[in-house]
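Heads up, the chain below is alone and in the form predicted alone; it's given as structure tokens.
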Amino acid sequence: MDRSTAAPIRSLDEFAKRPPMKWSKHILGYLFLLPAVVIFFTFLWLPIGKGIVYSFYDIDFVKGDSFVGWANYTKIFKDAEVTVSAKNTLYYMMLGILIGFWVPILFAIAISEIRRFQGFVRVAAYLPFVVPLVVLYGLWKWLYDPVGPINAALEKLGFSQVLFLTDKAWSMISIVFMETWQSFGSAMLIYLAAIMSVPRDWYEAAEIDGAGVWKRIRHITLPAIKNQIILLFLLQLIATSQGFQTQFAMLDGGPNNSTLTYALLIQRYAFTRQDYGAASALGVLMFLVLGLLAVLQYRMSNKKEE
């Protein structure tokens, strides 16, 4: 009997039993993701792309934009304020590390060693983070006032008056102290969660072996939160490199440009001098530096997962 070479006809039941295509399997998830992608592209990547383009133009809303090539970059490199702002930003980043970076680590370790009222101490340490910024700036301007409570306490202790906001030597340090008080609580909770995830058996075994508090912290606690320390260190570098709001609200870059940061200078170029091309060029340079820091953070995050 001859065999037919035609392909066998499959029933509808066989097609129904076939597994769905990968794209169709996740199409509903992609549809839910689409609005976020559109918003992300419209309000983040599109402005970044326009900023790169505008950095090569002289922006004039009356006469129209004109292409100037690298003239905006040449202008900002010749501006002495750019060098001052870059140095102030690096100084601000250094102070943030020396003064503010270690505070949440120390508080997290201290709270983890507390046996009683630990919940109350956690809440009390986190409360400054929820203080509205308007209240925060008003509060610290009063505290830093020449006749404020801090100077009153210093005079009672026999020290001379400190001009926290009008002395170039103290202005940036004063800002870092204020921001540390306001924001250390959020980082502290991250460190505290990492410490609490350490098996308690390790601490009990160390106590049985006669290890004191400092040895437990050195050999158990700090190695356990090493990855969090590295990642939050990189995040703080990124955040402090964009320092703008406090410097603008408290001192507007003063006294004598001692708190003029790079981001604040971009704001001055754009909205005070209305030189949007040069402001865009400054923004592109910042974007490149922050992009390198973001890549470093991504690599460190991957190492942590591995």
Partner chain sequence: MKTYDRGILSVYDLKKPGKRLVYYLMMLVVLIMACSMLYPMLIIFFNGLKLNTEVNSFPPTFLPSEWHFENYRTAWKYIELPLFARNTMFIFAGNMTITVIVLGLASFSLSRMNVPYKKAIGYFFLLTLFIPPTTYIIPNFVNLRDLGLINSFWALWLPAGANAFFLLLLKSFFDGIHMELFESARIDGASELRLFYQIAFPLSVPIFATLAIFVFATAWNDWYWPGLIMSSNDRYPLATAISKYVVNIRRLDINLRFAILSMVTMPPVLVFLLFQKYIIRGLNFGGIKG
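Between two forms, the rigid core is defined as the largest C-alpha subset superposing within 1.5 Å. Quick caveat: nothing in here was measured; it's all calculated off a predicted structure. Numbering follows the first chain given and starts at 1.
Another form exists, predicted in complex with its partner chain; not displayed. Remarks below refer to it.
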**OP:** Report the residue, out of 231, 163, 93, 224, that has at least one non-hydrogen atom within 4.5 angstroms of its partner chain in the predicted bound form.
**Re:** 231
Original post:
Given that its partner chain is left out here, which of 83, 197, 74, 186 has a heavy atom within 4.5 Å of it in the predicted bound form?
Top reply: 186
Subject >> Interface segment, criterion being heavy atoms within 4.5 Å of its partner chain in the predicted bound form, picked from 168-176, 208-216, 93-101, 74-82 >> reply: 208-216
Original post:
Counting only non-hydrogen atoms and a 4.5 angstroms cut-off, does residue 51 reach its partner chain in the predicted bound form?
Top reply: yes
Subject >> residue 40, heavy atom within 4.5 angstroms of its partner chain in the predicted bound form >> reply: yes
Original post:
Contact between residue 237 and its partner chain in the predicted bound form at 4.5 Å, heavy atoms?
Top reply: no
Subject >> Proximity of residue 120 to its partner chain in the predicted bound form, heavy atoms at 4.5 Å >> reply: yes
**OP:** Check each residue of 115-138 against its partner chain in the predicted bound form and list those with a heavy atom within 4.5 Å, in sequence order.
**Re:** 115, 120, 121, 123, 124, 125, 126, 127, 128, 130, 131, 132, 133, 134, 135, 137, 138
Subject >> Core-superposed C-alpha of residue 98 shifting 2 Å or more between the shown form and the other one >> reply: no
Original post:
C-alpha of residue 80: shift of 2 angstroms or more between the shown form and the other one, rigid core aligned?
Top reply: no
Original post:
When you overlay the rigid core, is the Cα of residue 130 off by 2 Å or more between the shown form and the other one?
Top reply: no
